[in-house]
Ligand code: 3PG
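Here we start with a single chain on its own, the form predicted alone, put down as structure tokens.
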Amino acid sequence: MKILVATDKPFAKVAVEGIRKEVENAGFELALLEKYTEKQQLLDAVVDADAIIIRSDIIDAEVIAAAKQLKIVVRAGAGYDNVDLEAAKAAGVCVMNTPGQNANAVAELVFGLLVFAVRNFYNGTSGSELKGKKLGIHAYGNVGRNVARIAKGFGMEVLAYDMFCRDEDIKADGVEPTCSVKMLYQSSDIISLHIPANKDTRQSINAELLGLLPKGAVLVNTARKEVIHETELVAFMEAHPEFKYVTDILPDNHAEMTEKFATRYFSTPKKMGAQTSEANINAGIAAAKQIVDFIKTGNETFRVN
């Protein structure tokens, strides 16, 4: 069995060493494709791979078709919209993610962005504090739970909405569940987004929803850029001069946002939620363990297709 690690942005060296240990101790072969610059390099590398570990790398129908022996793809991280799930399913390929492995890293970044925003991007003017503010968590999964944990340390009041999470489970964490997305936005000073990008959520964060927020609200997006209706966000920010937007996903209209809202908008140059050594190691090794378990026992616990 050949397990390929295909990463144009490589794992940390210690993560690769951990992956190698898991793979080789199971009696499998490990192959590395790192810092590749052309898709053809990936197509060539997958030809004899039985399993693939990726990060943000694109596994589309062409890649899956080229990988005749492929049995499983594991995305080291939570999001998996970079994998063509339908093409994989049609080819009999299992796709998994590694939920929770990056959750604390993303949650900590939320508060790095938040403090930066409420202190007016450290421009020397008087800002505000997080203590006593109402934080609305939009999607209460692994990251959302970690955001809630940290928020309580800041002395914030925490609310959450998740249509797939039971109210009693949210309450058990000392968080107040809301009955709808609209109620969450009406009740929160700050919104932290953790929804996936799919047909139901793309461009769902629009002017109508943002209009429910109180004056001076902050939106933090460490989820996906596709969930934001960027045109309506610009119009909303033009009409609401105290609203702030901070994100670790560079919008398509970044230049326009920077020009118009330099004192109320900030984006990191690239997605940084999982960019810690700890998350890098955790997700990579988890991916290797899941592949070994799948091949040896058929365990599909984290299957997403």
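These figures come from a predicted structure and were not determined experimentally. Heads up: residue numbers just count along the shown sequence, starting at 1.
Below, we refer to the form predicted in complex with this ligand, which is not included among the displayed structures.
A.B. asks: Sort through 78-86, 230-238, 114-122, 212-220 and report the only stretch with a non-hydrogen atom within 4.5 Å of this ligand in the predicted complex.
C.D. replies: One stretch meets the cut-off, namely 78-86.
A.B. asks: Does this ligand get within 4.5 angstroms of any non-hydrogen atom of residue 55 in the predicted complex?
C.D. replies: Yes, residue 55 lies within 4.5 Å of this ligand in the predicted complex.
A.B. asks: Look up in the predicted complex whether residue 271 has a non-hydrogen atom within 4.5 angstroms of this ligand, and give yes or no.
C.D. replies: Yes, contact at 4.5 Å.
A.B. asks: Is there a non-hydrogen atom of residue 21 within 4.5 angstroms of a non-hydrogen atom of this ligand in the predicted complex?
C.D. replies: Result no; residue 21 lies far from this ligand in the predicted complex.
A.B. asks: Answer for residue 133 alone: is it within 4.5 Å of this ligand in the predicted complex, judged on heavy atom distances?
C.D. replies: No, residue 133 sits far enough from this ligand in the predicted complex that none of its heavy atoms falls within 4.5 Å.
A.B. asks: Would you kindly say which of 71, 149, 224, 202 lies with a heavy atom within 4.5 Å of this ligand in the predicted complex?
C.D. replies: Of the candidates 71, 149, 224, 202, 224 is the one lying within 4.5 Å of this ligand in the predicted complex.
A.B. asks: Using the arrangement in the predicted complex, list in sequence order the residues of 86-121 with any heavy atom within 4.5 angstroms of this ligand.
C.D. replies: The one in contact is 102.
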